[in-house]
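We begin with a single chain expressed as structure tokens, specifically the form predicted on its own.
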């Protein structure tokens, strides 16, 4: 880990975006490693990504093989061939989508060969201000000064919790969000009747995994039927077909409407939908359409869910697969920084940035914070790569 001091670059957030951007800076743009730090609350690069994908029981990524954290687009495919990985086992059609195991192995190779472990400093940002030409970041590890900042925090702290689920949790019932830091899939081993609330790709993958054992009741509660889409937004958003017309829209309210309409929320590819529906056909799980209105804890500590079509469902544990809230990631430090630096936000609360993703000179954003400029794919792995290209252009 670098000693915290005056830096050329400080990246806040060490997930997929922060890790890829640190790799680009040090190994793509030849910034000296001792001039770059990734500030992140976890020991490992991409800890949250690894935790969440493990909880969902994902087998293959939804995105193609060209979307990864390496420098060159074909790097993951070349890595697979070098490791003797055939397309039949390591990739799934269409679009050569890599297995999670292969993707993780390639990430590990990038961490080690790129020296990315040495860039990390464990901690959280608390506030950012300016001191002359430098940004001064107050963190729980002390003050850090840097010429340039990239905020690459994700949506992980904005998980969507219905009111009835919050009450269940407050009352001590076994209720988790699938993306909670403290939740691990193995915690469900002690429960016979499990309800998964939400029917997007994450809920479907976890439900299918639990149902395959065949020794428990698995219920999926959702507001809609299974909805199939290959990707979570049209691939045109990765190139000029959609990007050019989007950038021509100067009205940020219209951009927000376009983004919201373009996202295929609550969907899954056919290869995720097929085994889920097969488990239902084999009576390994039950799908309940309409959603949940309320929940109480019964006399025997069971959870009683009142569904919207008048059904009553009794389970032992509840897992929310309800995604994230729509508002801007609202960390208190970010709100105070907006006030301190006079940063501009659109009505939807997201940053107004320039074409290089600068919220202010030398203050860059990535991930969801960049979506009013990059569009609906900003949060994805592809969005990290788009961000890197924009920052490269900013540096000339």
Ligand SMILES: Cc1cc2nc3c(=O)[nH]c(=O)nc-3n(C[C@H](O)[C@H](O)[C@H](O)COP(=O)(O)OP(=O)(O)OC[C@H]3O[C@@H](n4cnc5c(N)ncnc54)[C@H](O)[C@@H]3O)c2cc1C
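Numbering follows the first chain given and starts at 1. Please read all numbers here as calculations on a predicted model, not as lab measurements.
Although it is not shown, the form predicted in complex with the named molecule is what the next lines describe.
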Note to self: Just to confirm, with a 4.5 Å cut-off on non-hydrogen atoms, which of 175, 153, 233, 208 contacts the named molecule in the predicted complex?
What the structure shows: 153
Margin query: Under a 4.5 Å heavy atom criterion, is residue 111 part of the interface with the named molecule in the predicted complex?
Written below: no
Check: Does residue 49 reach the named molecule in the predicted complex if we count a contact as any heavy atom within 4.5 Å?
Finding: yes
Next item on the list: Please run the contact check for residue 61 against the named molecule in the predicted complex: heavy atoms, 4.5 angstroms, yes or no?
Entry: yes
Checklist line | Proximity of residue 42 to the named molecule in the predicted complex, heavy atoms at 4.5 Å | finding: yes
Next item on the list: Have a look at 239 to 247, 111 to 119, 145 to 153, 310 to 318 and name the one stretch with heavy atoms inside 4.5 Å of the named molecule in the predicted complex.
Entry: 145 to 153
Check: Using a 4.5 Å cut-off on heavy atoms, what residues in 95 to 124 are near the named molecule in the predicted complex?
Finding: 123, 124
